[in-house]
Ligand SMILES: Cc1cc2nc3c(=O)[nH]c(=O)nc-3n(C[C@H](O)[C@H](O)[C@H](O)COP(=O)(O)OP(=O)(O)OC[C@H]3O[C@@H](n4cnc5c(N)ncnc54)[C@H](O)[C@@H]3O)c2cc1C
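The chain that follows stands alone, in the form predicted alone, written as structure tokens.
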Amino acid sequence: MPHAVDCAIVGGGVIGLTTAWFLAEAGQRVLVCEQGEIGREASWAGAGIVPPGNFARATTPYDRLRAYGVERFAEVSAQLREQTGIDNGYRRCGGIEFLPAEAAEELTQPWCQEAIAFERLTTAELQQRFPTIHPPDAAAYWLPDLAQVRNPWHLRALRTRCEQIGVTFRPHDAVVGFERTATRVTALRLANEQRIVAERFLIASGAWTDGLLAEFGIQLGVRPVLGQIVLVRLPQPPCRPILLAGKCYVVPRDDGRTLIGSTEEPEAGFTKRTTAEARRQLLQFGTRLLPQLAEGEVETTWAGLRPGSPDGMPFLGPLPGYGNAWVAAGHFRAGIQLSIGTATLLTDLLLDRPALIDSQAFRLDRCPQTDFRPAFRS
């Protein structure tokens, strides 16, 4: 029997789950298909860094997408906790970004434009405020509004809320194709030979998106980028703020666990694996910033396949030629921080409402933006 719903979402990561929640709250009957466990791919594997944002002052489309969502993250987290009883671990812990002199102006200028609070710290000031940190030879910037969330907890809260308001989940049901007319998608075809009939469709399948779009003759260039993370455990957190340096970070949790990440391995394909060499490099990075981490126990390591895009920008918008299908993919390392803004935009698009965020810069047929520079790396 076909399953008739208002919207069928392909992909149960943070983008799919947040959009399913918003659509269901708007009265839509929503079904989410996921080839594996719900929320256990790139979204689960991330560190949960939530940068600050000022939507009223953000200028680029990407930064507006980020700023809209991160401004609401505390409110959304409190709402999920009240509705589900699950604390997603959202904490405004502050952060320190270490920037080489040649990159400092490039990144701090958009912070100034967006009126984001930051403070340049001298070595003496850094040591006085955060004596456990051993700074690298770089400029240190204190960002008091940087926050964090525990990804697995956040995903569990999202799924619980979705279930409370009637979202149907189909884990371990891989979508292998689509039924369509010349201008509309009519159904999903599953690996078990079942069909999912819906009025509207959203493809939010992360690194696997290009494989699903191949039958439409579309290749976005979304590819898997392997990222490895090491988790070290100490009796107490080695410091409170998140530490950022280039592509790597240290994220102390309140319970003494500290994440050290992460690698970027674009040639790894779809194989999730951890390696001794990556573990060694990440531990070296972490203990150089926080020597106390050398006294901790390596509790575990893990890896995720981030959905990279050709220019680092996500693809958000209608599937060309089809009036009832949309795509959300290519969020790379920023799925958590872009999730609320993305889900808000997609809900507006799917329900044909005036959009709070302009989607043109994210359209599927755009030319890659070779000069794209986000205000925050994650």
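Please read all numbers here as calculations on a predicted model, not as lab measurements. The numbering used is simple: start at 1 and walk along the sequence shown.
As for the form predicted in complex with the ligand, it is not shown, yet the points below apply to it.
- The closest heavy atom approach of Tyr90 to the ligand in the model of the complex falls outside 4.5 Å.
- Of the heavy atoms in Glu71, none are within 4.5 Å of the ligand in the model of the complex.
- The shortest heavy atom separation between Glu265 and the ligand in the model of the complex exceeds 4.5 Å.
- Using a 4.5 angstroms limit between non-hydrogen atoms, Glu41 touches the ligand in the model of the complex.
- For the ligand in the model of the complex, the listed stretch (346-354, 53-61, 317-325, 33-41) containing residues with heavy atoms inside 4.5 Å is 33-41.
- Of the residues given (Ile116, Ala198, Val175, Val167), Val175 alone sits with a heavy atom within 4.5 Å of the ligand in the model of the complex.
- This chain lacks the partner; the member of Pro252, Gly286, Gly304, Gly95 within 4.5 angstroms of the ligand in the model of the complex by a non-hydrogen atom is Gly304.
- Residues of 45-72 that come within 4.5 Å of the ligand in the model of the complex, judged by any heavy atom, are Ala45, Gly46, Ala47, Gly48, Ile49 in sequence order.
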